[in-house]
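Next comes just one chain, in structure tokens: the form predicted on its own.
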Amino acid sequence: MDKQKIKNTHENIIIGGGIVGAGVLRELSLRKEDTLLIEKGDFSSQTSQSSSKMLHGGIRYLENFDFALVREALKEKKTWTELAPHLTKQEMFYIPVYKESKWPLFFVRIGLFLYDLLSLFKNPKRRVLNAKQTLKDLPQLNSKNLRGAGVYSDAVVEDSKLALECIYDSIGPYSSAINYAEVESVEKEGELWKIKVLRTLNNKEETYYSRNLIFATGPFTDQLLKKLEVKWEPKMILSKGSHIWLSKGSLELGHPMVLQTKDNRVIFVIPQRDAILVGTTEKALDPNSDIFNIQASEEEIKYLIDVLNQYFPNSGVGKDSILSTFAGVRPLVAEGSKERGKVSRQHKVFSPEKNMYVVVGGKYTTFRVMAEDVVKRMFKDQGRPFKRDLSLAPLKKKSVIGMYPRESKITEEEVKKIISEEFPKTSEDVIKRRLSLLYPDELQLSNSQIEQMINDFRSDN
């Protein structure tokens, strides 16, 4: 964002640069609202880059009778596969069913019908296979007590890049965004909010002012608002989810899968980025845990490998098959005594103080609706007209590197273009989020070379 001219005072300031904050920025930009987004780390570097890389209705939410959420998410999945085809891909997911499975085959058949019904039958055609048909498509699958499989459609997505593109789309005469800027304090000064910020890469302190203040900080919300001494009752349940990336040759797998586990969860196994993504876990966290840059634990990694070996006993998947791991924290909103797996993923908007808004809950797929709802609430409180669906407009700026796999290796010129146009501040920003690299040999540049290129660009601008 070095080429931006960041003003001192704005109509709106958004704290949080994940997918929801990016969505709110875009909503306000499309309405020509003067807005600044502030993010503690790199954009989309926390929960929004740690998803299962899916746009989906959430087939498992059907058993909780959360039909409204599933319907809304399926609609948004369709929206983003149309708006961002360069970052998304429709896939047919397989749910293998065994004699001992929690969901028997007839239950899966009903569930898939409901899933398609809630999509208004706009999903590609579902199927239910017998055991023989299932093994033909998934030859490495454990055949013992196999009853068949359900097959249905969802989509995979480059999660961090979609958030980044929403930010790129917003930046211009009305909106700007800064990363590596930690909010130190918030207080009211007259009719404006005064926000003190620390630029973490150079320890420079800055102060900004705004009429409206919006928090889109996901699972960090309770901890941040407590630190800032905002009038706020804790609302979050912290639930950690971890994933592993396996090398492509670890499994002979031509289709994404949904695995039912013995502890009544589901694990996604998705061929993507010329590798295989496996996750996620569900681990309760203490509300005071340090969850910034959280990592997958050895226990979680072992759990995921064990589940894989139950379904693919002859594959030999082990720790040596792992390319990398990652973890994030789900932004669950407490609902009485409900267990984590049963908590709804519906979102909520609060206004703890005048001209301050907090959006919590929700899921990645429904971020556009969440962003729209918080802006709608703000406009309504201020007696301003609100027009829906402006954000159904196409994204104007695409990432330099889209989805993988790609036919050619990444060039130095492409990296230079990323540095000049996509505003990374570190080599990790380039490699993990702008390139989404899993195989280091795909890049003929070292981390130190990329850091030097970034420094050279910043000194020239």
Ligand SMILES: Cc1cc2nc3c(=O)[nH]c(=O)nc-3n(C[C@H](O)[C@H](O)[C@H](O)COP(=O)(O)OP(=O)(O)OC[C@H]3O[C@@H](n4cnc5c(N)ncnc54)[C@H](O)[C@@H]3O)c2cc1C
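On a predicted model such as this, the values are computed, not experimentally measured, just so you know. The first residue of the sequence shown is number 1, and the count goes up from there.
Below: the form predicted in complex with the ligand, not depicted.
Of the residues F292, F350, F386, F113, just one reaches the ligand in the model of the complex with a heavy atom at 4.5 Å or closer; this is F292. Contact with the ligand in the model of the complex, defined as a heavy atom within 4.5 Å, holds for exactly one of L62, V400, I419, I38, namely I38. Remark: of stretches 374-382, 360-368, 203-211, 310-318, the one touching the ligand in the model of the complex is 360-368 (heavy atom within 4.5 Å).
Although the partner is absent here, I237 is not a contact residue: none of its heavy atoms lies within 4.5 angstroms of the ligand in the model of the complex.
The shortest heavy atom separation between I19 and the ligand in the model of the complex is within 4.5 Å. Remark: K53 counts among the residues lining the ligand in the model of the complex, judged by a heavy atom distance of 4.5 Å or less. Within this chain, L224 lines the site of the ligand in the model of the complex, having a heavy atom no more than 4.5 Å away.
Along 216-242, these residues reach a heavy atom to within 4.5 Å of the ligand in the model of the complex: A216, T217, G218, P219, F220, L224, G241.
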